[in-house]
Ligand SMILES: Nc1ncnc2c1ncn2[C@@H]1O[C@H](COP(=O)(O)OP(=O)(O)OP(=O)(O)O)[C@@H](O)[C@H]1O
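A single chain comes next, written as structure tokens; it is the form predicted alone.
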């Protein structure tokens, strides 16, 4: 296990312009250049967010997610253009600044999920029509769907809460045009098919995922944010799936939500103070992220081992962009 003391709590760098600090990522908007237009620096910290707050920091999480997204952006660039321009640092993406489209493209290959809007929850309530699709009777928990389906959501309607939608409703509401929707749906299903195929070759099942897209200054649709990471996707371990399915239990997966579950069992995480999270639980979560990287990519995770702190390293690597 890499050195657990190397944590990137934040990346607040006053020499960089136009900051925007998110729950997990710290961002800076750069002036347009002649080639790429407006650009954005996106720095992935090690913060772990849940229940609309920061719970703790997990060493190496930011580097794992940045490098795992890099693996998938590179592997899918022939299907869909993406926002990436370069990687100035293991935790940093320099990308085109996009106008993010107000539709989150969620795609599902299995009858799974736990939230109130998941297709498994709706199916168990007796619904067969959902998100503009009709599912057949007789499906069991965690069973493969006849074909992957897109179950889009949007934060545009309900004050920031994901709202289940249909393709027709999205176009009728003017969130995107029909031509844009057709392109988004084509990209989404092709990206998911590539992801499932590559995951299968690594002994994994890509169950479901979500994609975020935006428009560049020419109106082109580009893939943004992240792709096929453990934070945006559900993976199962293939060699345990059949036994779990036959037994009616949850298939084995990268269980990175142990901290979230531990906190939720001990307090009301939306209102109460967060209890101190045990160091061994944070270390185990770091191990799971690293295991996910290595299992998905088939390569060893190489932690940064520079002699300076992660923040000092990032500052040095981003010095060319200081205003």
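Since we're looking at a predicted model, the values are computed, not measured. Positions refer to the first chain, counted from 1.
Although not depicted, the form predicted in complex with this ligand is the subject of the following passage.
- Checking 120, 107, 98, 221 against this ligand in the predicted bound form, a heavy atom within 4.5 Å turns up for just one residue: 98.
- A heavy atom within 4.5 Å of this ligand in the predicted bound form is found for exactly one of 89, 231, 212, 216: 212.
- Residue heavy atoms within 4.5 Å of this ligand in the predicted bound form occur in exactly one stretch of 311 to 319, 295 to 303, 6 to 14, 19 to 27, and that stretch is 19 to 27.
- The closest non-hydrogen atom of residue 256 lies beyond 4.5 Å of this ligand in the predicted bound form.
- When this ligand is considered in the predicted bound form, residue 68 lies well away from it, no heavy atom lying within 4.5 Å.
- Contact check for residue 208: no non-hydrogen atom falls within 4.5 Å of this ligand in the predicted bound form.
- When this ligand is considered in the predicted bound form, residue 58 lies well away from it, no heavy atom lying within 4.5 Å.
- Contact annotation for 27 to 53: residues with any non-hydrogen atom within 4.5 angstroms of this ligand in the predicted bound form are 27, 40, 42, listed in sequence order.
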